[in-house]
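Only one chain is given next, in structure tokens, and it is the form predicted alone.
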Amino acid sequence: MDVIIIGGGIVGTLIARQLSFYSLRILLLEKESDIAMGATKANSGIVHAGYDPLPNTNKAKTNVRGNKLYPELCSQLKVPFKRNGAFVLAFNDEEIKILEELKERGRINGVLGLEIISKEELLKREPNINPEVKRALYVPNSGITSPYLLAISALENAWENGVEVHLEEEVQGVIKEKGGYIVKTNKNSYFTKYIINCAGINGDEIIKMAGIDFSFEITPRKGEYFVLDKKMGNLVSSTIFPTPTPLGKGILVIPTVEGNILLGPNAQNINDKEDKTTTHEGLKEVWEKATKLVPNIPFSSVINTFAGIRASSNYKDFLIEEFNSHKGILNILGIDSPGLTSAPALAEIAEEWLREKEKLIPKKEAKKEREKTLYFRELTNEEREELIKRNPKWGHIVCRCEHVSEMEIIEFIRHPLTPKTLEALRKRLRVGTGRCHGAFCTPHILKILSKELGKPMNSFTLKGGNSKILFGENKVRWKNEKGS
């Protein structure tokens, strides 16, 4: 291999796409059963403007650059993106001073259009905001997207351009050799000239495996969220922030491109990198602080809760480093907020790093554009009727909450980068993400997976590993078949 990319989150997938435009042998390794299973999945989806990071840091530079790249990137990959703007609220004189600091910091970082507006102006634009607010920083360049759809689309584009993708393949060793490195996994060993380490919360483990003498530690920082029903989609149109604290940007009220509203996240440093449980105390904190920004949210509008983990590090900035002792390994780590926004710029940095080492020859046949995915819920009645004439399975609605048809599921399963778990299909089609949490559609989806992939229904999992959905056949059916 020329390049091995370790990690299939938003950074790794966008780097894979960026490098796929050149004549390189590239392999992306991901230890989970699907890509975008870590911070990219449990992400608020905000494309930050860049007023918050300290000037001249990696975070500031890549945030502002990444924000500018988003419209064209999402257009090429046919992923939803919306500049919905944001407001940072201040409820007292001390917080108003912080707004002034943020505005000046944004100016230094190159963020345009920042404006501190009055309470009256804010309530005209967002009437459901807490009327006790004093001022707000208006951030017009803030946006929203779908983090996991972007990662999936980027990797599919990279795969079309020749990138190899190996899932459920965990890196267990990195050995320095003449002219490159041997990367050992739970399944194989590979020789590669270059490694790009963007392994998220496990990136510090890769540094240790490689024998790099650098004191870098990632502390998992858990954030919990509420998901509100789409009937609350008009609660706010912009992303609503409190004034930030040293722990982060705070607990927000966030519209999503899918039409839901998110409340969260809080921020709690934990020890277990796999702990994505929600807690009563954490969710209580999220609810209280979110409803301070936007009061009177009915609790009955909550349809789900979840938690994600950010890769907070002792470096206090994004680590973008090739160490002299280990030339040929580029580490892009500690990518917490604004990592989603910065990811396209980080991909550019990876490309330039490689360009300094190799003559990059563009592929004449490389694609930058993807065909738009057909989502039945987005089609006109005439378009739906035409599809149903071709194949009646287009008209069989499996997921009623999100209006997903059987044929949509089949087409995704038949893709070469096959989603083999329920979670993988959820990220691509939103099946099971509505009010019923998959109570109606899950059995139908398992039947489709079983038929298409030729495996028994009880062999499929929620998200890989031991996350089984079914543990055996129905007792009544079993007795009937045995005649007892």
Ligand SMILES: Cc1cc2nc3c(=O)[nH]c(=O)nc-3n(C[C@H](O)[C@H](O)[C@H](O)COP(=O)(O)OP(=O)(O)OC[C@H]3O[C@@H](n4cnc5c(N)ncnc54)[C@H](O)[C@@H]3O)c2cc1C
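Throughout, we count residues from 1 along the sequence that is shown. Quick caveat: nothing in here was measured; it's all calculated off a predicted structure.
Here the subject shifts to the form predicted together with the named molecule, a form of this protein not shown in this document.
Enquirer: Given the named molecule in the predicted bound form, answer whether the residues 10, 45 and 171 all have a heavy atom inside 4.5 Å of it.
Expert: So, yes: the whole triplet contacts the named molecule.
Enquirer: Within a 4.5 Å heavy atom cut-off, is residue 32 in contact with the named molecule in the predicted bound form?
Expert: Close contact exists here: in the predicted bound form, residue 32 approaches the named molecule to within 4.5 Å, heavy atoms only.
Enquirer: Is residue 341 one of the residues lying within 4.5 Å of the named molecule in the predicted bound form, judged by heavy atom distances?
Expert: Within the cut-off, so yes.
Enquirer: Closest heavy atom of residue 38 to the named molecule in the predicted bound form, within 4.5 Å or not?
Expert: Contact with the named molecule, yes.
Enquirer: Look up in the predicted bound form whether residue 308 has a non-hydrogen atom within 4.5 angstroms of the named molecule, and give yes or no.
Expert: Within the cut-off, so yes.
Enquirer: Picking from 103-111, 333-341, 369-377, 125-133, which part of the chain touches the named molecule in the predicted bound form when contact means heavy atoms within 4.5 Å?
Expert: It is 333-341 that comes within 4.5 Å of the partner.
Enquirer: Just one of 407, 236, 206, 319 has a heavy atom within 4.5 angstroms of the named molecule in the predicted bound form, so which one?
Expert: Only one listed residue qualifies here, and that residue is 206.
Enquirer: Looking at 313, 153, 202, 161, which has any heavy atom no more than 4.5 Å from the named molecule in the predicted bound form?
Expert: So the residue touching the named molecule in the predicted bound form, by this definition, is 202.
Enquirer: Given a 4.5 Å distance limit between heavy atoms, list every residue of 117-136 close to the named molecule in the predicted bound form, or none if there are none.
Expert: The stretch 117-136, when checked against the named molecule in the predicted bound form, contributes no residue at the 4.5 Å heavy-atom cut-off.
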